[in-house]
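Below, in structure tokens: the form predicted alone, a single chain.
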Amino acid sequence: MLFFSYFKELVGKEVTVELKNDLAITGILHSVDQYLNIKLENTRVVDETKYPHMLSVKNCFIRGSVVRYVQLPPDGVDVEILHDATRREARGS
């Protein structure tokens, strides 16, 4: 739940999602659910020469189980929120 609540704070910000098949997609985070499924809008592929067939995709839904990394915007990382959420989770409340 720690990551889910944190990702909910990032809705509306630009993130880059790297998939397990090495495809990296950048877009505006539209929504995320408890399984860390991600919906992106205004997407673009990081390596367009390697994945030219993805150029026409503007919105996408990404299943959480295929995500390798999510790169966050530098201004999107609020360390205090992460510390508080980690403490709450450690206490079990």
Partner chain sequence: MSWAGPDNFPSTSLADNLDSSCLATTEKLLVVLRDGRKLIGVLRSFDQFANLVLQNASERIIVGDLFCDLPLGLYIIRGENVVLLGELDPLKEELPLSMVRVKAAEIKQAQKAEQDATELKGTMRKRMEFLDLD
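Residue numbers count along the first chain shown, from 1. Computed from a predicted model, the values in this text were never measured in an experiment.
Below, we refer to the form predicted together with its partner chain, which is not included among the displayed structures.
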| property | result |
| --- | --- |
| Interface membership of C60, its partner chain in the predicted complex, 4.5 Å heavy atom rule | yes |
| I28: touches its partner chain in the predicted complex, heavy atom cutoff 4.5 angstroms | no |
| E18, heavy atom within 4.5 angstroms of its partner chain in the predicted complex | no |
| Partner contact for M54 in the predicted complex: its partner chain, 4.5 angstroms, heavy atom | yes |
